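First comes one chain, alone, set out as structure tokens in the form predicted alone.
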């Protein structure tokens, strides 16, 4: 077989949970879906459990495995480090990779504190490497269409944003404690779910000037382990709500909860302008609803289905209505990352944008704690 003339891109993946598997699938799918400008090589996988690391490396098509993530970063053949670990590990892993001059693809949220996010952004600037953060929902072709419609003025002057991201995986008070329940390791519903919605709001609407917020811990303790009689205290938010003032003059609402029974991936928004309204729900990710003000008796929402008119969709399927899924969005995220590494595109949130998301989340936390309006620029 003839050797590829394309430059090699060696990928190292840290983490073997749900997101680790999703990243591995996305790298594989990117190779089969797109003509890439690099020779993508899945080189190394790291996990603290050496047996699991070896098993997943074999199953997912990586050349080798490490039980120590620092060995993966030190591997000279690894050019890109993908981080899919619990949130509190993002900082040391990303900082080590940046110090080694490697590109970094980090899951969201970027860090567990604004101070860490600032350091990571500064280190990325100094290293001069490509960075990306896993806010994959905005890679949906229909979200790109929504942004295009907003920016082109099709909705007129934008006046409001109503956003919510709710799930119910922590709705049962007997759901045991996990790393997501510890402030130093995660940050609660606002960090886990809400960061996605904040990133989406910024992508579609632009900067937020000021916020007013409230948050609550509904279940103050949870079983230490499944079925345990021992309990651990919970200090993170179960749900958070905020009012938003956007730089473009629009007003908005934000809500996030991991207690809301019946919802599994309810990342949703309604954006209204002087000429119409756009509505979206991630649980129906192949549909965008559009209302245009029109003739009396003929007005109503139009359902726009994802299809090959959106180029990113066409890469997977030539027929409309056949549906993309979560892993396709992750594949599109990886494709954008690879194009950026090749110098062909700047699409996708980098550490600079992720820092702004963290700044906004911090302002919401301060507003909720101090029960007042907070300017995001003060964060």
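Numbering follows the first chain given and starts at 1. Computed from a predicted structure; not experimentally measured.
What follows is about the form predicted together with another copy of the chain, which we do not show.
Of the residues given (99, 115, 207, 299), 299 alone sits with a heavy atom within 4.5 Å of another copy of the chain in the predicted bound form. 245 is the sole member of 232, 245, 88, 121 with a non-hydrogen atom lying within 4.5 angstroms of another copy of the chain in the predicted bound form.
Of the candidate stretches 76 to 84, 182 to 190, 104 to 112, 269 to 277, only 269 to 277 has residues whose heavy atoms lie within 4.5 Å of another copy of the chain in the predicted bound form. When contacts are judged by a 4.5 Å heavy atom cut-off, residue 366 does not count as touching another copy of the chain in the predicted bound form. Within 4.5 Å of some heavy atom of another copy of the chain in the predicted bound form lies at least one heavy atom of residue 323. The closest non-hydrogen atom of residue 293 lies within 4.5 Å of another copy of the chain in the predicted bound form. Contact between residue 328 and another copy of the chain in the predicted bound form is found at the 4.5 Å heavy atom cutoff. Not one of 221, 356 and 359 is positioned with any heavy atom within 4.5 Å of another copy of the chain in the predicted bound form. Residues 28, 29, 31, 32, 33, 55, 58, 59, 60 are the members of 26 to 64 with a non-hydrogen atom no more than 4.5 angstroms from another copy of the chain in the predicted bound form.
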